[in-house]
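To begin, one chain is listed below as structure tokens, in the form predicted alone.
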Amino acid sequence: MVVMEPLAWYLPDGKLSPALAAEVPTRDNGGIASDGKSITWKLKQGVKWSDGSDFSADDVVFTAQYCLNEKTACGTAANFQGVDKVEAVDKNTVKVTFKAANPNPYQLFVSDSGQILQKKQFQDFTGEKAKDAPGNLAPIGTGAYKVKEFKPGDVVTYEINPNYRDANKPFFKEVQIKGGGDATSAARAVFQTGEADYGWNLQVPWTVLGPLVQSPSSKGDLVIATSSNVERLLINFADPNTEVNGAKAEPNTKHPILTDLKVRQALALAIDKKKIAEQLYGQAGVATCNIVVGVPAYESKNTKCDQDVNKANALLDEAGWKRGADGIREKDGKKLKLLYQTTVNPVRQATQDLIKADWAKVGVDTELKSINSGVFFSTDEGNPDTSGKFYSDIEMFTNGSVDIDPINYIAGWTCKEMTSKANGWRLGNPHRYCNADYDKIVDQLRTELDPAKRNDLIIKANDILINDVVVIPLVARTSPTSGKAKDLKGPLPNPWSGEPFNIADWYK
């Protein structure tokens, strides 16, 4: 977002604003075909990549080809579902044709997941070579900045892109994004000491964050907005302890405990979500029963998630898990023990502690594991602790739709999105959950044009995931939950695009 750009960004109100496009295509301006089967993007002319070369339709077409190659294991491959072809009409025009009428023609090339790659930089690194591309760490972009120095796990330093299309922007000569620290220190650096201009994803217990924000001497302002983001527990349907062809948790294995629906239901019922939200999130989140949130029309009213320890215990009894002398349940000589992993973060560790205590009430022995976020969210194929590998029983993080229309987000639970060694663990379904009925709903969503019917399908998809206990939603989080220096102007609380999407407009 600092370096690379999509064709358009979603704004806080959910409307699209051109980035590399000259305008947003609509039916009124002729950009979207009347039959819904194609969308034509007119590109801004005169745009340069940071290396001085021309940006053109060829780069957009290449980006599509890069992600349509299954061996690339593109992280945004779901955006290209249903695409028939992407072609350059001319140097400054791109046409996307869909296999059928598409109710969401903006599903690709838009916002965070739609950023355009430079063909020249990546054309020799498609397919299986993608992971070795030098551009992965130093991409050439069209944004306001370019990478000056990147120290993995530490800091990225950006400098002004001398070829940026607006000669009067950006304001700051240099931008540093510091990683590897902790959220509490980042919050103090913004609100208390003023050492930082911006603090991202301040997942800090509200008992700590609230006083920092509300203090009369605070040097910063809280940046929050209602969003689609949900802190959730992911259930592993594969066996994380059985190795198959050099990898664990492969889709063709079954979890020895969690494939039992009653066990999953018991785990969900045992959790006090309200306590988690109220004690740890405060203004930054509310307890939720749904995995699709943020747009009222899409939120299911069919789900319930109040804590019920008695019912949870009854379900485990029915499933054959009996308490041993130590209070931990056993079945067929095996203890009901689960490994629960997440990132190193004070709110997440506090959440782990609360859930471990809740699960102890129903006889579950829970082992907690915390992993550096730089490792957990990486695609490092040599590291066993990434969220994509999911070599544990339960893992926890936040995710949500980056588009107003949640089709690509919902598609993340389809069979074809299951992560595995074969796809470099880069796809969107680390649960390894596969349900043909669910996939049919997603397929219907890709072609259903009627808004009311789409709403119903979205709710049905949500309800399958909740009733099957594929995922246990905990807290609907504000996004961003960040802090900015009081004298920093320009940042917008935008739930649909990454926070620095408009960094060219930031100033003091």
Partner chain sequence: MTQYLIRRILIALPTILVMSFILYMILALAPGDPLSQFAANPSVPAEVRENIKKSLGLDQPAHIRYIFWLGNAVRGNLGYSFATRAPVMNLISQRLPTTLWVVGTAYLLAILFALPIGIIAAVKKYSLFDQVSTTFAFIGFSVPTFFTGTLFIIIFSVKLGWFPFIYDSTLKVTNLQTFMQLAKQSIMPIAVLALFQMATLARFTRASMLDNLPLDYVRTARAKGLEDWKVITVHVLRNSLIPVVTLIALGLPAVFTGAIVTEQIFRVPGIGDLLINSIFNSDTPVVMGIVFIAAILVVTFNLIVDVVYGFLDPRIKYD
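Quick caveat, the model's predicted, so the values are computed rather than measured. Numbering follows the first chain given and starts at 1.
Here the subject shifts to the form predicted in complex with the partner chain, a form of this protein not shown in this document.
Residue in contact with the partner chain in the model of the complex (any heavy atom within 4.5 Å), chosen from 313, 227, 408, 236: 408. Interface residue among 338, 116, 276, 186, judged by heavy atoms within 4.5 Å of the partner chain in the model of the complex: 186.
Although the partner is absent here, residue 152 lies within 4.5 Å of the partner chain in the model of the complex, judged by heavy atoms. In the model of the complex, at least one heavy atom of residue 78 sits within 4.5 Å of a heavy atom of the partner chain. The shortest heavy atom separation between residue 389 and the partner chain in the model of the complex exceeds 4.5 Å. Within 4.5 Å of some heavy atom of the partner chain in the model of the complex lies at least one heavy atom of residue 73. Shown alone, this chain has one stretch from 422-430, 93-101, 257-265, 295-303 that lies within 4.5 Å of the partner chain in the model of the complex by heavy atoms: 422-430. Taking a 4.5 Å heavy atom cutoff to the partner chain in the model of the complex, the contacting residues in 181-214 are 181, 182, 185, 186, 188, 189, 192, 193, 195.
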